[in-house]
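To begin, one chain is listed below as structure tokens, in the form predicted on its own.
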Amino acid sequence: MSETPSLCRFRRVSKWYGAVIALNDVSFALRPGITGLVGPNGAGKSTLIKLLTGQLRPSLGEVRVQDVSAWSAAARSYIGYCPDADAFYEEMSGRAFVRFMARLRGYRRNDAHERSEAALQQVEMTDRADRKLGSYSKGMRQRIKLAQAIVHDPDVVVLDEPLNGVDPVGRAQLVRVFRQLADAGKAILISSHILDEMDTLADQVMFICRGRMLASGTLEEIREMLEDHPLKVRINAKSPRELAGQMLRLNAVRGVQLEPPQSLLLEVERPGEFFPELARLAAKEDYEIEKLEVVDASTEAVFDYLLRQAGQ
């Protein structure tokens, strides 16, 4: 099966401001689906987004969207951008704002009206679109920003902290829209500091720190690359104390903690070595292992490890 073509590509991109290197030799491709962009403050996320959306030009390398330069005017029709900060005319209604943005895109009045109504319906704001922007909650403001980002049906949608400050109900509604867009074949890039949401939201994650891409892929793929990444593994067994003694004899087990009444929490390194050893032990001895789960296979756990490796 051939690989899905990329909708956007960074090729060895660097960006510096004077003596400060904000992005250093970054390469990646965005394909249909949701990609999470994760990194601490000052990591280079904002610079990456500005390069992708054509707000900045790379110092070295190339950024292309649908095979045209992201810096070119032609790329604007392929990209939708939902910024973190609000910059509204607060007295304007949500409907008027989205329609105005469609007109700025170059659509005639009737086309702008039709596209605005379709975008408002997609973000579930049709019934509240005539209220003033100044009266909107954070979640409603985020949805209006998303509506203007997709009003021209772009192939790549860039969302900077779109869930920041949104209540759980609004968050679930936004996530549903993100998934609909991804299912329609669009590439969605979501910059976020809400790390645990990336576990269920993103199809793949890119970890960036100090301007460099530390790792990218699904969490499972990243784990396979990080052979030394310690895991926390919980085991439920009928004889946890006896099993704990055996676990401590395994070279890949760094620590064992009893969790009454029948659980062990193990800190494991070299997972590729540990799990076969555990399987052989379970087959040889009658410890009646009832359940085994990896309890820290999350974005945050992987990210913390990557930051430690990078010396943060």
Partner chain sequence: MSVDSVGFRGWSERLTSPWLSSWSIARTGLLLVLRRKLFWILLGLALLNFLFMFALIYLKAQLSAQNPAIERFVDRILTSVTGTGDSYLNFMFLQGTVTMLMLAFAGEVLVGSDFQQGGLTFYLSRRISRRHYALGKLLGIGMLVSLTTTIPAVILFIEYGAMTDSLTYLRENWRILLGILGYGAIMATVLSLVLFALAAWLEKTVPLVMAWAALFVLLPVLGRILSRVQDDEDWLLIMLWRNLRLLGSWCFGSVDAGEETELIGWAASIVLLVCAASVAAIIPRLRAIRVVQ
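Just so it is clear, the structure is predicted and the values come from calculations on it, not from any experiment. Numbering follows the first chain given and starts at 1.
This next part talks about the form predicted in complex with the partner chain, which is not shown.
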Problem - Non-hydrogen atom within 4.5 Å of the partner chain in the predicted complex for each of 136, 181 and 191 - result: no
Fill in the blank from the handout: The listed residue (230, 240, 83, 217) that reaches within 4.5 Å of the partner chain in the predicted complex by any heavy atom is 83
Exercise for the section: Taking 4.5 Å between heavy atoms as the contact cutoff, choose which of 175, 92, 195, 213 touches the partner chain in the predicted complex. Expected result: 92
Practice task
Given that the partner is absent here, state which listed stretch (163 to 171, 230 to 238, 203 to 211, 100 to 108) has heavy atoms within 4.5 Å of the partner chain in the predicted complex.
Solution key: 100 to 108
Practice task
Examine residue 117 and determine whether its closest non-hydrogen atom to the partner chain in the predicted complex is within 4.5 angstroms.
Solution key: no
Exercise for the section: Using a 4.5 Å heavy atom cut-off, state whether residue 35 contacts the partner chain in the predicted complex. Expected result: no
Handout entry: Contact of residue 27 with the partner chain in the predicted complex (heavy atom, 4.5 Å)
Key = no
Problem - in the predicted complex, residue 153 touching the partner chain (heavy atom, 4.5 Å) - result: yes
Completion exercise
Across 66 to 86, the residues having a non-hydrogen atom within 4.5 Å of the partner chain in the predicted complex turn out to be 66, 71, 73, 76, 77, 78, 81, 83, 84, 85
